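What follows is a single chain, given as structure tokens, in the form predicted alone.
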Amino acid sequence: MKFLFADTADTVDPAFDFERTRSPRQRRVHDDDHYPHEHLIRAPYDGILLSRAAFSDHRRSGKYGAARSMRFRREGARTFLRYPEAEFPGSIVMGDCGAFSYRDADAPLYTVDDTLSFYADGGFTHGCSVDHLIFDFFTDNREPSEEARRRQEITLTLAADFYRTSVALGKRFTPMGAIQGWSPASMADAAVDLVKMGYRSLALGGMARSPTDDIELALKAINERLGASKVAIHVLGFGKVEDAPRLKRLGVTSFDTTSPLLRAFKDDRQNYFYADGNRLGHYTAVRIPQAADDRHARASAKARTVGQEELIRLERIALGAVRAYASGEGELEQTVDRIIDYVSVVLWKDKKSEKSNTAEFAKLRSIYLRSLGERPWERCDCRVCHELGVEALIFRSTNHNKRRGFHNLAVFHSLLKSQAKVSP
């Protein structure tokens, strides 16, 4: 089973100065930065999924601005992402329409022709047909809403047109029929229709927020209708690596997610991954926000009372304590105390009581004792941990946090590959 990273325009600056927490003045964003496959020793995925919604055009703005979007169309995905086939043989570059971005619209934002033009310009190896999300999912196969039925009809009509027109892209391009439905039975019906159109690769959509049990129900229904078909199935937006073997047994050949990277800075607790046997284990990164970034001070009356000069002094002491501890020159308990001295000022919640704040910092102290005490960065062989050491476990600048996201991707991918070795 292959894992595709859903690109979110997240790169790191390889020349970032962690002592001064800043990039070189001459840095050129994107050109000088590293994608995960450039920065790590091994690519932490088997391919990249690019959503059309990530690119700006006359319809809306995306994460890649107008100039970079034009450059992407001019250079193609491989060159733009610096992800050449020669260096990453067998890798996949898949495109989709980003249906979630126009989920509230009456109809898909993009046409079949301009979507295929986007895939052709990008040199994609795989591309999903244009679809319209259905959020309902009834395990009892009840009758759908009129809107759900209308959206499925739109998706299938566009899929038929997409398949006919995709032939022009040649044999190196694999058209993928997007499955949308409101129940296991309706998804199976859609899969049968797509296969009749000619598709041999299907993409199961609309289930990014669904539990694995529901995805299994849909896949079982599809399998029952398609029989021993050789159809490849990709699951869009699936991030539960522990459950990947369950999907593999039901014929899933690939899936995509951006979750391992995003959790590095959007998850308060489980934001540093490690392999715990066949499961993901987690540590909590140590928050030492930048004192010079006054967002935290503005959010905390306590920080404003203490003042910027004192904040910078406490920040310097906390950082110094962590780095000294990592080098073997400090004691764990005292190190965590210095961290709490600082964060109990900048992370104080004005809307909570003193008792509640005190309890929260006591809990953080216990969590940080584990994170630092078990020294996980010393057990990891990814480039991030090897080069940065304890900095990988500090929740601080974008370059700290995205590097930790790269580390998470590496752990996620390694765990998936290790599952393949032991799965039947």
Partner chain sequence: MKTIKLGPVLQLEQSSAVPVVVFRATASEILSIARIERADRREDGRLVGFQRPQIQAHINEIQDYLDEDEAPILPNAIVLGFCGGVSIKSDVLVVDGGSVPPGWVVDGQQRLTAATRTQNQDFPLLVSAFLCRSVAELHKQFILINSTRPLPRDLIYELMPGVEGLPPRLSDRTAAALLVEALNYREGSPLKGMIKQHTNRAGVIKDTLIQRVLMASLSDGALSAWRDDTSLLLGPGYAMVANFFSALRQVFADDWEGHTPKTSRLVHGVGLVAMGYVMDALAFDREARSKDDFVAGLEPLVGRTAFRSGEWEFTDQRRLWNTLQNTGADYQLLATHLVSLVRRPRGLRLASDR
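Numbering follows the first chain given and starts at 1. Since we're looking at a predicted model, the values are computed, not measured.
Note that the form predicted together with its partner chain isn't included here; everything after this is about it.
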* Structure fact -> The listed residue (R249, R74, K230, R172) that reaches within 4.5 Å of its partner chain in the predicted complex by any heavy atom is R74
* Structure fact -> Assert contact residue (its partner chain, in the predicted complex, non-hydrogen atom within 4.5 Å, options A120, V195, L332, L262) equals A120
* Since the chain is shown here on its own, which stretch among 85-93, 340-348, 174-182, 305-313 would lie within 4.5 Å of its partner chain in the predicted complex, judged by heavy atoms? -> 305-313
* Asked: Might A362 be said to contact its partner chain in the predicted complex, defining contact as any heavy atom within 4.5 Å?
  -> no
* Any non-hydrogen atom of A66 within 4.5 angstroms of its partner chain in the predicted complex -> yes
* Is L116 close enough to touch its partner chain in the predicted complex, meaning at least one heavy atom pair within 4.5 Å? -> yes
* To do: Mark S56 yes when one of its heavy atoms lies within 4.5 Å of a heavy atom of its partner chain in the predicted complex, and no otherwise.
  => yes
* Asked: Do all of R20, Q26 and D293 end up near its partner chain in the predicted complex, with near meaning a heavy atom within 4.5 Å?
  -> yes
* Judged by heavy atom distances of 4.5 Å or less, which residues of 150-188 approach its partner chain in the predicted complex? -> T165, A168, L169
* Structure fact -> Per the comparison in the predicted complex, the K363 and R304 C-alpha atoms (change 3 Å or more) are positioned closer
